[in-house]
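Only one chain is included here, represented as structure tokens and corresponding to the form predicted on its own.
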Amino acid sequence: MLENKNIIITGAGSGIGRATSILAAGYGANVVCVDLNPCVEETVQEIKAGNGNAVAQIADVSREDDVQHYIQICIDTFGSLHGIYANAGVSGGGKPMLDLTVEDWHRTLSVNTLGVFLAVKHSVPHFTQAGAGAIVCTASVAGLRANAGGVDYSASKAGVISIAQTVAYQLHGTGIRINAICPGLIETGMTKPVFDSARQRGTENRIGQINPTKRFGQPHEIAEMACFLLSERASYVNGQAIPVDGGLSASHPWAFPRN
């Protein structure tokens, strides 16, 4: 599906980013794995152990120089850039609105929203020159509806959705596609506190029960959507915010039927 495609994936050190990097390499892509955490080297080692091709790059996605550098690493290492998955993000900590500080807002939006913007801004010239390219961003169901995250996190992810929609039209006729994925509750390092708390209470079996699939998701399930959107199989998908959430965002709030 991604044979000989040169792809950049941010937040590749763990969770959705690691799962997507490994899957993309398995589909034939050459992957630049980007993360602020050195554990991104473990992702690359796993890819290489499976005979895949990848390099690791330590970077802060909210710093413009770092973004320009990791894109150049892809060009220098693999010769071109075909797709980028701007996936890196932070949870914001889930503080109540009145407890949030200006510093909290700066940190959450600098990674979740500014990081996506910078990835788009500095990859587009390469895609424009090639006449094609695929951009995928990680948003969230929290960017679609309330009660899936804190105010800062939800606003940051709504911003990602708006970037995907707005940029799709600003890139009209260029051959470049941009889409956002809106994960529901996925078991990752970011959501670990939710899972740890439920397991301590003995209520792990209730996690994710509110959606019609009646379970939480796994990183590889988001990775499959990301690889599809990065591939030419998604050639007519553009400017979309696609929930991958077990059906959670399909409904207004509802009560479980009682037997």
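Throughout, we count residues from 1 along the sequence that is shown. Keep in mind that this is a model prediction, so the values were computed, not measured.
Keep in mind that the form predicted together with a small molecule is missing from the display, and what follows is about it.
The small molecule is not drawn, but in the predicted bound form it has a heavy atom within 4.5 Å of residue 60.
In the predicted bound form, none of the heavy atoms of residue 68 sits within 4.5 Å of a heavy atom of the small molecule. Interface residue remark: residue 240 is not counted as part of the site for the small molecule in the predicted bound form, having no heavy atom within 4.5 Å. Within this chain, residue 16 lines the site of the small molecule in the predicted bound form, having a heavy atom no more than 4.5 Å away. Out of the listed residues 163, 185, 124, 151, 185 is the one that sits within 4.5 Å of the small molecule in the predicted bound form by at least one heavy atom. Of the candidates 55, 234, 36, 207, 36 is the one whose heavy atoms come within 4.5 Å of the small molecule in the predicted bound form; the others do not. Stretch-level contact check against the small molecule in the predicted bound form with heavy atoms at 4.5 Å: of 168-176, 132-140, 74-82, 94-102, the positive one is 132-140.
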